[in-house]
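Given as structure tokens, the chain that follows is alone and in the form predicted alone.
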Amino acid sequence: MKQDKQEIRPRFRDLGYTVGDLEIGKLNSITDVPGVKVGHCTIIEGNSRLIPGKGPVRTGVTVILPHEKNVYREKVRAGYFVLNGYGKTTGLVQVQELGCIESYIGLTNTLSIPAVTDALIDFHIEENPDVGISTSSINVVVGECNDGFLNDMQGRHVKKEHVFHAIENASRNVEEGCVGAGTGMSLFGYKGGIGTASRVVIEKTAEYVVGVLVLTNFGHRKDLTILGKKLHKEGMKQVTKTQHHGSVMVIIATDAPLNNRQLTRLAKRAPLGLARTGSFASWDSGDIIITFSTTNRIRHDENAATINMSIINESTKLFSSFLKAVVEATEEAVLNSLCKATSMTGRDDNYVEAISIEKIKELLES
């Protein structure tokens, strides 16, 4: 698995600017939620002319671990929201029906969803040999964006070993930009990929974290908006040729005690953060948001007839703070993916440049 040398680029907040007014977590990452980890495997191979099925390859896989224990045995309550359905996923029907996630969450390119799904099934069966035998089957959740402008998608180069590599290397320190599933993605005509951010919600007697991770692959340059300012004039042409308007996957994690209906309400706020950056969910964009809480887990082997659980009271100001936290963290996660991504040349010498950090500074200081 070859990976090009990447220049070190700053996160958005490193430039001296902030998004919103809520406090950030220690790492300003989805992994500020206790127990959550993220792993990547990046695949960069070959150059020049596309030979379908052979390369060049600019892709990868990202895996989100909801907690450090057996997720099948300790399922997390979950919800999701589809803003625009031009996207492909596995597992969301059962999430809607049962309100929980029982697997690691995978992100990859469009045509590698089956491979990542199959690999995660293998991983969880190894961990739970009774799956499908003495217990029920397993519902694996995987989402995607289309990296075909830079990557040979027909080759379906993401394999089981890449997924396992991402799991084995998962940690609290999340790499951003052109890594994992974000390797071949574009954002507003610039290089995009993985971004993350977090917010802390403080109540009198408790403190909670809302963390967001995005896989960004959407938008045109003329729409890019940073802290309310447009980087380019409205009438400019798209500089970088792209196949489509693209998509975005948003993963939201929290340690707040929320049920699946409340988590779905959080998911519906993420598009407000996307819109602040210039997204309008174009007709051919897959905009899918998945949320989960690490609290109030559902134990697979629980046999009690009734289960007691605490949840946040929605009629209080506290719940509104969670909604605001999602908006702020989503916006900043997108900007982090933009700032951290590096320029990349892919198949057929297609090129996507990284955004100029100096131009961002000039814009925000004007």
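This is a predicted model, so every value here is computed, not measured. Sequential numbering from 1, following the sequence displayed.
Not on display, but discussed next: the form predicted together with another copy of the chain.
Colleague: Please run the contact check for residue 323 against another copy of the chain in the predicted bound form: heavy atoms, 4.5 angstroms, yes or no?
Modeller: Contact check for residue 323: yes, within 4.5 Å of another copy of the chain in the predicted bound form.
Colleague: Taking any heavy atom pair closer than or equal to 4.5 Å as contact, tell me whether residue 327 reaches another copy of the chain in the predicted bound form.
Modeller: Output for residue 327 is yes: heavy atoms within 4.5 Å of another copy of the chain.
Colleague: May I ask you to state whether residue 168 is within 4.5 Å of another copy of the chain in the predicted bound form, using heavy atom distances?
Modeller: No, residue 168 stays farther than 4.5 Å from another copy of the chain in the predicted bound form.
Colleague: In the predicted bound form, does residue 312 come within 4.5 Å of another copy of the chain, counting heavy atoms only?
Modeller: Contact with another copy of the chain, yes.
Colleague: Specify the contacting stretch among 106-114, 189-197, 209-217, 169-177, defined as having any heavy atom within 4.5 Å of another copy of the chain in the predicted bound form.
Modeller: Among the candidates, contact is made by 106-114.
Colleague: From first to last in sequence, which residues of 335-366 have any non-hydrogen atom within 4.5 angstroms of another copy of the chain in the predicted bound form?
Modeller: The stretch touches the partner through 347 alone.
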